[in-house]
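One chain comes next, on its own, written as structure tokens: the form predicted on its own.
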Amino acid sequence: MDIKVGIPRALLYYNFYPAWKVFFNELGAKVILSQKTNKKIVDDGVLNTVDEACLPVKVFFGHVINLKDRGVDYIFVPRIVSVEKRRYLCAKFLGLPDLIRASIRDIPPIIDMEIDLYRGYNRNVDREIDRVGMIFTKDMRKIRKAKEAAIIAQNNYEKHLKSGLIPREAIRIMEGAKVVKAPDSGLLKIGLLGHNYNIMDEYINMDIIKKINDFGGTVITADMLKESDIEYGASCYPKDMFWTYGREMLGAGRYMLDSGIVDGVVIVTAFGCGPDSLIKEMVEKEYKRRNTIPILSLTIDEHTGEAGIITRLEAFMDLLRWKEVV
């Protein structure tokens, strides 16, 4: 019988799920996803974390609890230190496995693979992947093949994102589904800034992408931009940002402003996130100083109501249409 590995549909799921799934599948394991975020998942997460935790962490806890009740043999909770050279991720990713173990009782064993690319892909990274692979097989050739397949899957996934797909669509395509992109000619182009775990989770953000589409807009995210576009935008600031995804938001926001590829920008941040509050302030300040492209800032938490999001978003889209007319 296949070993079942549970993967929470939260945090960096939207960034690396295709690679993770292929890696475990190649090792002979069956991947089980937690359900899509819903009220019970959020409530469970809130009840099992400290009040000071940000919304994405609370949601992640809820997804782990969801998997706990689904009969998996392991739950994959990576300890992600860095995903690129000379930059780090938020501290919540470093301590996530320990937080889970300390807060949730009677859960299956956690696979806490450490991902640290601060000094690039090196022997230590390779050894850590091998350590996890040996949970499933002692055949090093099989583990090596799983690593190579995961890298190929991740590269293909990122190509889909650069082609204009959002992560949800790209994941569906890689799993064999057919996704037809609607023509976007004549639609307002909306830059959607935010971490993928905030802007892609339909429940916590009230399905903001669908609402933008319904109001006559099409979204452009940081994932769709070239690396050189992000680099250009980030380099416009006097000091380098050492948070990978904060820098991505900052660079994408500045590039969208300078290039004029969007009619307006919506930035989504989570309440209680220190890095987000800083990034939001820096992006908003530049947009308001230039006063050429309107920006709407939305802060979400477990108490966010749909009515407020709809009202503000609809008014923002009306403003963009009025701006086009005048």
Partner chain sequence: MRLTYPHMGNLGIILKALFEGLGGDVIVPPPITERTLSLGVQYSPEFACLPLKINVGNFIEALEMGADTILMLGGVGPCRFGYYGQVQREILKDLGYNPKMVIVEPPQGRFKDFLRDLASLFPGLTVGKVVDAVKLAWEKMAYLDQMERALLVFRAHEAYRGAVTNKYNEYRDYIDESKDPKEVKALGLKVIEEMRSLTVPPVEEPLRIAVVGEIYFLIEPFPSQDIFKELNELGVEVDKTEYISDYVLSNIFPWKLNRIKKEARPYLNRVIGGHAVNTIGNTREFADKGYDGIIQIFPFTCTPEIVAQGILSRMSKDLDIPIMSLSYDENTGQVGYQTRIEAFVDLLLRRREMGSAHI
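Predicted model, so just to flag it, every value in this text is computed and none were measured. Numbering follows the first chain given and starts at 1.
Another form, the form predicted in complex with the partner chain, is not on view; read the next lines as being about it.
The contact residue chosen from K189, K145, R79, K162 relative to the partner chain in the model of the complex is R79, the criterion being a non-hydrogen atom within 4.5 angstroms.
Checked against the partner chain in the model of the complex, the residues L47, L278, L33, I261 give one hit for a heavy atom within 4.5 Å, which is L278. With a 4.5 Å cutoff on heavy atoms, D240 counts as touching the partner chain in the model of the complex. Proximity of Y88 to the partner chain in the model of the complex: non-hydrogen atoms within 4.5 Å are present.
Put simply, L257 is far from the partner chain in the model of the complex: not one heavy atom of it is within 4.5 Å. Using a 4.5 angstroms threshold between heavy atoms, A177 stays clear of the partner chain in the model of the complex. Contact with the partner chain in the model of the complex, defined as any heavy atom within 4.5 Å, is confined among 219 to 227, 192 to 200, 151 to 159, 99 to 107 to 99 to 107. Contact with the partner chain in the model of the complex holds for none of K39, M113 and D130, as no heavy atom of theirs lies within 4.5 Å.
Residues of 204 to 225 are not found to place any heavy atom within 4.5 Å of the partner chain in the model of the complex.
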